[in-house]
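Quick setup: one chain, the form predicted on its own, written in structure tokens, and binding and motion questions come after.
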């Protein structure tokens, strides 16, 4: 089969969204069907090349990097089927479909995912494979909403996986890191579209940490941001509403979400990068700029926000009962160090789920995410935070910067060996391997 239409053979550099990961694939292919994809995988195996699928590059790790064959899923997009007869209803979507297109298409059909993260640029396969999540008292990550998936394996065959069919593969592949094969389609549970009321409110660090458990218990979705070098936080509470839509006004929404949260914030970050000593006073001012606001809209317009300022991120999942203690340690560490941190620290929650490599696998979890503006030296800050996280048995987000290896991860994931066994069976020759997977899962 010829791939003149979809294949690039020059070793053009690929970079992720943040610009911290670069790779030079031997060839890049954009198959337009599962049959073409199968032929690509078989040919790569015959040529002795590794295979990795990569979407929009929103992972901060090298999980999708390869010097072999890079599969772009650009042509494997769109909704295959909506089934309203089941409980829950489901939507089956091609794996390369960006979440933002899925969300818009579902809204037109009067449907919605139950929960989602705050960024929707990723492909559906990339989002579930790395454990992308939002925040929720009872509603879990995007991967936990998957009811079935299709997986193209190392021999070029297609496995259909669900709780009833190839159940062990289904359990592992929902957060599969691209280590088990190439996902070609995903079936999500969906529900009739609903309204969420978002209440955003400034709050002191001392108050929000003292009341954290109360806020989590009283709200369907609770998260907050702490601004380093200050005692200030911004909280967000999302709850279902039986009232009428009351979306953000076009002008007020633009001012807060585009001008302040993106445009002005990028200026502040750029100045801080050039002159780090101005970061603390700028933080004290900027942390007071965003005011309280309340609005009601359909889910994806409440859960997600534009993120135009590029950054590096590290995020750890902790047992929920330890998150406040760990965050206070992070704050104390920043205050006694010479570090100058311009990005807020984000805290979210998730219920326990049953996915072997989910960061919430088997335990109620809370997340601490730290960020730095792109191009800013990050090792000192991330290393200091990571040291705190691992003391609490933290699990790093698979798509965000961390230094953990298979020996550590096997100790914090009780079902780690189960995942490794599925991988050994499906990909014994490591056709879908790369350096990142070798570090975090092993040879």
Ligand SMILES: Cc1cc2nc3c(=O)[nH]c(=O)nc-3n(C[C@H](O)[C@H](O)[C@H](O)COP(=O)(O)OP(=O)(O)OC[C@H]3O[C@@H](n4cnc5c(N)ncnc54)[C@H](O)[C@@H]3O)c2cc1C
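Keep in mind the model is a prediction, meaning the values are calculated, not measured. Positions refer to the first chain, counted from 1.
There is another form of this protein, the form predicted in complex with the ligand, and it is not shown here; the text below is about that form.
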Problem set entry | in the predicted bound form, segment of 81-89, 126-134, 204-212, 268-276 with a heavy atom within 4.5 Å of the ligand | 126-134
Exercise. Taking heavy atoms only, is residue 149 within 4.5 angstroms of the ligand in the predicted bound form?
Worked result: no
For this session: Answer with yes or no whether residue 117 is in contact with the ligand in the predicted bound form, where contact means some heavy atom within 4.5 Å.
Result: yes
Exercise. Contact between residue 409 and the ligand in the predicted bound form at 4.5 Å, heavy atoms?
Worked result: no
Exercise. Is there a non-hydrogen atom of residue 357 within 4.5 angstroms of a non-hydrogen atom of the ligand in the predicted bound form?
Worked result: no
Exercise. Considering 393, 68, 375, 57, which brings a non-hydrogen atom within 4.5 Å of the ligand in the predicted bound form?
Worked result: 57
Exercise. Out of 236, 320, 340, 348, which one falls within 4.5 Å of the ligand in the predicted bound form, going by heavy atoms?
Worked result: 348
Exercise. Which residues in 34-48 have a heavy atom within 4.5 Å of the ligand in the predicted bound form?
Worked result: none
